[in-house]
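Below, in structure tokens: the form predicted alone, a single chain.
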Amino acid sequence: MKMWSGRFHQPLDADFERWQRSFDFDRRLLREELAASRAHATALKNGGNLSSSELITILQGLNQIAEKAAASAAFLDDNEAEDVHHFVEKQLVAVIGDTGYKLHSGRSRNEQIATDLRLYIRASIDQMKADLAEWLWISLDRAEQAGGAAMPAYTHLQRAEPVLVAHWLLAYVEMFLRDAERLADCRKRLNLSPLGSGAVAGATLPLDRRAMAEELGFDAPTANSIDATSDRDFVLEFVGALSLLAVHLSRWAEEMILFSSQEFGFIRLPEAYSTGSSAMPQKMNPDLLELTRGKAARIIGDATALLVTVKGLPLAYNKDLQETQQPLFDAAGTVLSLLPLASGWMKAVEFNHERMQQAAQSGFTNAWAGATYLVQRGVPFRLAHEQIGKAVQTCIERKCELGDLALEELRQLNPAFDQDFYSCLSLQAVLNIHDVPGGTAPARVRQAIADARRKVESMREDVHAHA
């Protein structure tokens, strides 16, 4: 029996009925639907609309549904259920009889799906934060293991200045810390309960909305029933945050792909996350990284689909909102499956510190330090820049480095050059000169690692608090 069929004389067109069903994808909300139904049943009893025995019977029936779903995936193969709400009602009536029909008293599927989605996203955020914390912790371990190893940093994909390998890894740590903060912020905003909002105007029975909210771990009930039943901002915000997380993962993957190429040779791909070529025996391909880059496009597409779906909808609930579920599930599922793999890859990858160190000491990555040497001796920076640039041009012509130029030649450019100029060009001196908060000086990087560890520990504590 349909949940709405009393007003209709004719059955649905069979093709349309199959086409408009959402159970094939919203059945993944069964856990959330059962939790919200338990809270609603308790509120019905407390409001005098269910007897104690009826409440017990309904709660036992809901628990049986959960047990059957856990025992067999085939239990969810239902060609008649219109959606997860209809499925639960069908199964409840099958288990406990007509008392199961009382569960829907005073509520609407409009508020049910809004509640289920909030519960689903909240749980997804908690898992993602745990997964991000793991990735971050592994990355910090790798940064510490790199110690004083250096590499070139790039601008415009050209060698720019030397940095510690740890400093480079910390750039990604900062990106993913921001992603974790965005998810936490999204969680705060979505953690309100639509239960009791009814179809659009509010419940028709005296339900304790605050008690239902507290039972489900929400901070409070939503403030407006029209908004609560039509709002999908929390879905858009969540998938929007995931699209930015996916962009960061894609940038990370792209750089690792570049650095694993023979042209760079900075990293050695982990075999456990790579594949070969069916034609070329020598190949090892960065499949995890390439798929990470590719899946980012799908998540960005999901965010776009959500925005376009809701942009022109009048208040309140419209069936179009059913179309917001699949992009949500796709984006969330993609990120949840990807993050543990990215952590495994990060733990297994090998850094070729020797190759990185060699690259950090060539290509005039110490040129700015050379200009700074002159600035510290009173030369205006623009003139110092020009004079070091001329020295670099001479080196290019001679195929040598700045430190290979004779002091007499340098003094022809500026008499401020002295013997100590050569020591300022050393790798360690160039690293040390960037001694500002956020810079690559070794002491600053050690402090940055310690600060990041505290943030990740706080993330883990927050995840455990919500478990």
Ligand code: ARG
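Position 1 is the first residue in the sequence shown; the rest follow in order. All values reported here derive from a predicted model rather than from experimental measurement.
Keep in mind that the form predicted together with arginine (ARG) is missing from the display, and what follows is about it.
Position in contact with arginine (ARG) when the complex is considered in the predicted complex, options Ile113, Ile121, Ala360, Ala166, heavy atoms within 4.5 Å: Of the candidates Ile113, Ile121, Ala360, Ala166, Ile113 is the one lying within 4.5 Å of arginine (ARG) in the predicted complex.
Heavy atom within 4.5 Å of arginine (ARG) in the predicted complex - the one residue of Arg209, Arg182, Lys102, Arg109 that qualifies: None of the others qualify; the residue that does is Arg109.
Segment assignment from 267-275, 249-257, 151-159, 321-329: heavy atom within 4.5 Å of arginine (ARG) in the predicted complex: After filtering at 4.5 Å, what remains is 321-329.
In the predicted complex, Asp83 touching arginine (ARG) (heavy atom, 4.5 Å): Answer yes; at least one heavy atom of Asp83 falls within 4.5 Å of arginine (ARG) in the predicted complex.
Heavy atom of Phe234 within 4.5 Å of arginine (ARG) in the predicted complex: Flag for Phe234 set to no.
Partner contact for Phe218 in the predicted complex: arginine (ARG), 4.5 angstroms, heavy atom: No, Phe218 stays farther than 4.5 Å from arginine (ARG) in the predicted complex.
Non-hydrogen atom contact Tyr172 with arginine (ARG) in the predicted complex at 4.5 angstroms: No - in the predicted complex, heavy atoms of Tyr172 and arginine (ARG) never come within 4.5 Å of each other.
Stretch 23-62: residues contacting arginine (ARG) in the predicted complex, 4.5 Å heavy atom cut-off: Only Asp26 sits within 4.5 Å of the partner.
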